[in-house]
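What follows is a single chain, given as structure tokens, in the form predicted alone.
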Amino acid sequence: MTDRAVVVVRAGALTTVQDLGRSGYAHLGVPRSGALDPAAVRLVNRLVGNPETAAVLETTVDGCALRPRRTVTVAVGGAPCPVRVDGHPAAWGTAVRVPAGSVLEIGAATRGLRAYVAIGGGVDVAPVLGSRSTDLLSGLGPPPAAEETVLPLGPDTATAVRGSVDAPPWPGPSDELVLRVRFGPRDDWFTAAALRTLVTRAYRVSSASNRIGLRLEGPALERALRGELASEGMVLGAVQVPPDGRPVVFLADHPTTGGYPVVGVVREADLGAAAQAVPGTPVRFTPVR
């Protein structure tokens, strides 16, 4: 039994292994998956001396608790949250050492939704199609963490806390989510009034949102065409409009095909903020070319 591992003491609402995803398999029906906030993943990995592609843990809403079998370097970022080691406060957003056998507690997010836990050496579960990410839609990758799950770690390359990046700038979750959207490919399926509505009216994040899509509450978009589309390819950031007219922004675990019309596509750079938008967050779309 390897001692380069952490044991899950508390799994929280949803804790999954994520990296930067498995690109290049959409033609096989496999979405990219990966962390919903990739910028946060890159930064926590940098803090512990990992390559940016190393696998981390993504927690949702209420964090998790871990017990390392060996002393490890850890950084918690993404959504701000309390961090404790054996009950004592520890730093969020910077690298800390956690002794073997201690309990690292990642608490509930105080803002945003998803925290990211990087551990020196990275979470070393077996890769599937080149990625260690859990894909909730297809079931690829390791299952979500459960109590007593043992997660192996790779060789620790971080022998000391990196002083040069011990206080990086962390953008806080925004009070309003602004999504830049390019119309198409099926904007002609909607009335001119619907397109104006999308970019002039306010929406709110629905509690039904998940890793597959950001579901929105607000004014319905009226169709100009009443038929049905044959299934066609879907991309990250696609704004699909189901029959109720309320837009859904596709996130990392989105299906690779779909039959509802896509009115536009959100720029990928804006989707990390979408990952941290709590239910009720105001959402505005702004058109770009």
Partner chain sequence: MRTTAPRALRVGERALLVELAGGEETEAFHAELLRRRAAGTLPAVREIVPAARTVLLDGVADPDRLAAELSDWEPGPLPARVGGAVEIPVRYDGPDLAEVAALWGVSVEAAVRIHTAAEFRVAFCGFAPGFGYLTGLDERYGVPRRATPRTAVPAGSVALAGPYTGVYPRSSPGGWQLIGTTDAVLWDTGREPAALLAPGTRVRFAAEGVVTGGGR
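Numbering follows the first chain given and starts at 1. Keep in mind that this is a model prediction, so the values were computed, not measured.
The protein also exists as the form predicted together with the partner chain; that form is not presented, and the subsequent description refers to it.
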Within 4.5 Å, heavy atoms only: does A26 come near the partner chain in the predicted bound form? yes
Any chance R186 has a heavy atom within 4.5 Å of the partner chain in the predicted bound form? yes
Considering non-hydrogen atoms and a 4.5 Å limit, does the partner chain approach R32 in the predicted bound form? yes
Heavy atom of T53 within 4.5 Å of the partner chain in the predicted bound form: no
Here the chain is shown alone; which of R97, R111, R204, R182 has a heavy atom within 4.5 Å of the partner chain in the predicted bound form? R182
Between the options M234, A65, A39, L221, which residue brings a heavy atom to within 4.5 Å of the partner chain in the predicted bound form? M234
In the predicted bound form, does each residue in the set R22, L129 and V265 place a non-hydrogen atom within 4.5 angstroms of the partner chain? yes
Name the stretch: of 71 to 79, 135 to 143, 88 to 96, 113 to 121, exactly one has residues whose heavy atoms fall within 4.5 Å of the partner chain in the predicted bound form. 135 to 143
